[in-house]
Ligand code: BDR
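Single chain ahead, by itself, as structure tokens, in the form predicted alone.
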Amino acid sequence: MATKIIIDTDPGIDDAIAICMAINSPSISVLGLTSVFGNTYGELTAYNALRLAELSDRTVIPVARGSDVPLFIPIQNLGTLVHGDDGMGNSNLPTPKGEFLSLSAAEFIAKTVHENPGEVTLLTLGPLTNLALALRIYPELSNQIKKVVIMGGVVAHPGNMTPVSEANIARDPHAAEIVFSSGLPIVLVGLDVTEKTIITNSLLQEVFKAKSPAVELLKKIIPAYQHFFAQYYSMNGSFFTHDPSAMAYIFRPNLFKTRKTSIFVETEGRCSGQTVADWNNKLEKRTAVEVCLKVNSRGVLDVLKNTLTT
């Protein structure tokens, strides 16, 4: 039976790679995409989600538009330097043909989970604003979602937004704190593992040989991502495997070694957005999170290549 997932996303070039992996695989049933601000402004990420949904030739993927702003803090530090002003490498893609659902992202998440209790995995690839809103309106969701796999955070590695924070968490730390205190069954796929797996230009050239609408889109948008990593990380055509690593967890969780701990999120000051792992139970008790600390990088890259080319 195919794994039922909702993808909450701020597309985003690496979001696009991860979503294409899911769309291309018969083992994944994408029940919907929900958009959120992050890699660029919310209006643009929403339309990018529509574009990605239209790549599927197996099923119609609904798209619900989500939050354009964080819960409490001003919108700041969008990912346009990395992903381009349009979130898709300034590739000037055609206007999507589809339309958004009348439901908001939070409402869609709640409705879909209620209709499939205990069966839906939520994969979050952007700020956690939509999930936090859904939990505030429908607190019973914490007992009905099968699992939440979060690409975000960092506990034993430098941050990429600040010295201690990862971008998805830092862009809405209050939302993240709500989610981590909710009791949801969470797996955190953060920079501790995503920066250990490198997508090389040679691997990309193998992927680009495949003939599919998804791969054709990736050919157009990935060069901008490569340019950023070459300029700022001297990676010469390679880049870190952020969102695709979280998607790889959905396919093969055994590729990751995890350790359970409570996670607390700093919401103000110079450490805002830091995900604090309470390894020795010094803080108040809350439901432990599975934190990915080690990864079989070769396995992750195999999953990426196989899902995009077969």
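Numbers follow the displayed sequence, beginning with 1. Source: prediction; values computed, not measured.
Heads up, the form predicted together with this ligand isn't pictured, but that's what we're talking about next.
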Heavy atom within 4.5 Å of this ligand in the model of the complex - residue from N201, S181, S212, N160: N160
Partner-contacting position among L128, L123, L191, A105 - heavy atom within 4.5 Å of this ligand in the model of the complex: L191
Stretch in contact in the model of the complex with this ligand, which is absent here, among 57-65, 271-279, 256-264, 239-247 (heavy atoms within 4.5 Å): 239-247
4.5 Å heavy atom contact, S35 and this ligand in the model of the complex: no
is_contact(A167, this ligand) in the model of the complex, heavy atom dist at most 4.5 Å: yes
M151, heavy atom within 4.5 angstroms of this ligand in the model of the complex: yes
Residues within stretch 1-36 having a non-hydrogen atom within 4.5 Å of this ligand in the model of the complex: D10, D14, D15
